[in-house]
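Just one chain is shown here, as structure tokens, and it is the form predicted on its own.
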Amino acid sequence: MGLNYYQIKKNILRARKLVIKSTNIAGSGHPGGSFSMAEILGCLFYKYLKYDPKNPTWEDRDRLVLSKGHAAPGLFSNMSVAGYFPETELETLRKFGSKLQGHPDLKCPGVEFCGGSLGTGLSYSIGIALAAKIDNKDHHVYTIIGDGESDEGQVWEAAMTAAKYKLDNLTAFLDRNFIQQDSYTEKVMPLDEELTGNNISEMWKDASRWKTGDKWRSFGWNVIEIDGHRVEQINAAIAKALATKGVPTMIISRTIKGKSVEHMEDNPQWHGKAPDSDVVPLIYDELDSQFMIAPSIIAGDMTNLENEVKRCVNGRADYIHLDVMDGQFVPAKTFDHNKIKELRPLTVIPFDSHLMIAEPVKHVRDYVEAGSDIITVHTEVCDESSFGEIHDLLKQNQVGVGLAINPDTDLPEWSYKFLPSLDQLIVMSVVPGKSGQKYIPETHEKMKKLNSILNAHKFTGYIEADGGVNLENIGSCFEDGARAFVGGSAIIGQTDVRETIREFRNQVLKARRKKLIEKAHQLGGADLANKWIGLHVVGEKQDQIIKIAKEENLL
């Protein structure tokens, strides 16, 4: 079974937008802590949790306890996406008589714990887990605690108790975003090392400062440390936790408060503050503009692809692009599913298998079984019937579904019916199978036409720019609507893959910031543009955005 990568990401995006909508309407709430745990909830709800929205008290369901109860908007938004209640009900958040209060309450079917006083959720979870052990029930208990609430002594009493009773049916997540209500956690009561400056990113990035895991290990827990915004790492951690016997598991998830909205990220102001109505459309656009960078390893040393995968891992690629060429559909030949199967154990980073092969319907199952997380086939070698078969097989196996079109190919009308459920559309900007080509400029105009078709048919997936993408044109590709970018020689061909990927991200970030300032001007003129810029108070963001605005004559 695949990672379900794209479906999880789509649902996370949907839930984040609902958090913004509900807290804005309520005029209060906690978007920052809701966003830091967004990927954790996404993996739980859409991959692991056993539940039935139509029967919330189903005896064999898994239990999800949100101990950091102020992040209730994040829980409620995912419950809505999962089908517990209509999305419109989120408009009642924090209103008198609503079942959606400022903290989770049992009056909302599906909520397992009244999260108000911090520090109690882990104790409550231990009671549920211990009862399940006594009753020989096999459901699992998942708990999310905050790093701020870890100041409470009850958390550590609970930690000892869970280890004593060998509660291997309990998995806890520590949402380690380094911010609590008043300040940075390391300035209030350090879990790692005391923070002397205001550069919270140093705590996040410097592994030598991480002491929290040692604390939990000393209390007898199985400890796994991850990037709490990487879906694949969360997935792998949960799988390891479920396979661990005899001890409870703590998954320490390094996260960013307010993740995915720049002015909220790492900003203590957004612990409990609702966005203003005039900036909500800008936040929606920013959420829709999340992007990914994927190196194509065939641009590296084809005799040592194992090392190229490791370079992608060290470079912190979002996923790895695997160009499969059969020498028939395209003149070149690379590798097949057997090589992908060999590479798969090297990393949990998603594999994006781009099948440039004839008759893919005959071979696609091999690539599913090899460990592909996303599989893309070409329209030129499919028709409605064969692609329908491929589509259904991939969906059944929780593998992302992609379609690709060559530079001289238009999106065929038979594909329109699949667009609402399609995860990825690759728009080739070079002729596939030939190396050393430059980006075809006409692709920009093609993308504009494609966007109208995709919007009309409710496409919610990612457009992937593939072929000749480099630092000079990636910003233009973003403006065209691409949100995933494949880099061959421009990334893998470089000595320092990590630095190159960082430069790619900076170029896209610059294009996104420009787009958002332009949108602010369209919606509210200079006043809204200045207000938007003024929200970015952490680090050097504001100065960087002002520079972009001046360059574009937007100030």
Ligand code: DX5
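One-based numbering along the sequence shown. Every value quoted in this text rests on a predicted model; they were computed, and no experiment measured them.
Below: the form predicted together with the ligand, not depicted.
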{"item": "Interface segment, criterion being heavy atoms within 4.5 Å of the ligand in the predicted bound form, picked from 525-533, 31-39, 59-67, 488-496", "value": "488-496"}
{"item": "Proximity of K448 to the ligand in the predicted bound form, heavy atoms at 4.5 Å", "value": "no"}
{"item": "Contact of P407 with the ligand in the predicted bound form (heavy atom, 4.5 Å)", "value": "no"}
{"item": "Proximity of S296 to the ligand in the predicted bound form, heavy atoms at 4.5 Å", "value": "yes"}
{"item": "Distance check, K257 to the ligand in the predicted bound form, heavy atom within 4.5 Å", "value": "no"}
{"item": "Partner-contacting position among G197, P86, P441, G436 - heavy atom within 4.5 Å of the ligand in the predicted bound form", "value": "G436"}
{"item": "In the predicted bound form, the one of I145, I234, M250, V469 near the ligand [non-hydrogen atom within 4.5 angstroms]", "value": "V469"}
{"item": "The ligand in the predicted bound form - contacting residues of 322-352, heavy atom within 4.5 Å", "value": "D323, M325"}
